[in-house]
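Okay, so here's just one chain, in structure tokens, the form predicted alone.
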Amino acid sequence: MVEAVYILCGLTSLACTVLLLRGYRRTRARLLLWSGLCFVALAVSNVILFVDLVLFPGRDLAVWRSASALVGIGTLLYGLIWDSA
């Protein structure tokens, strides 16, 4: 059951990524680009979570998960602060 939750979280992040980037392609609103790139990194973080806890439970990939989430949030933060002008 836990595996299904991890997979659904990853698929949800991937769906958000696709929808945001598709919206950016249609409207060229830069906030959609930064949000889409953030969700790319969050989807990668969810995939790493699944790999870490389900496929290789003996390995600790917490640093990689946190790093990908940090890259995603940093990307969104950059877009919100520096590209809003």
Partner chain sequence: MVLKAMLNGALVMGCLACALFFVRFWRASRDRLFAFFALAFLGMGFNWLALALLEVDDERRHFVYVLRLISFLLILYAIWDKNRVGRGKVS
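None of the values given here were measured: they were computed from a predicted structure. Positions refer to the first chain, counted from 1.
Beyond the structure shown, there is the form predicted together with its partner chain, which is absent from this document and is the topic of what follows.
Taking the partner from the other structure, its partner chain in the model of the complex has no heavy atom within 4.5 Å of any heavy atom of Leu37. In the model of the complex, its partner chain sits within 4.5 Å of a heavy atom belonging to Leu31. Within this chain, Arg26 lines the site of its partner chain in the model of the complex, having a heavy atom no more than 4.5 Å away.
Interface residues of 1-36, taken as those with a heavy atom within 4.5 Å of its partner chain in the model of the complex (partner not displayed): Val2, Val5, Tyr6, Leu8, Cys9, Thr12, Ser13, Ala15, Cys16, Leu19, Leu20, Arg26, Leu31, Ser35, in sequence order.
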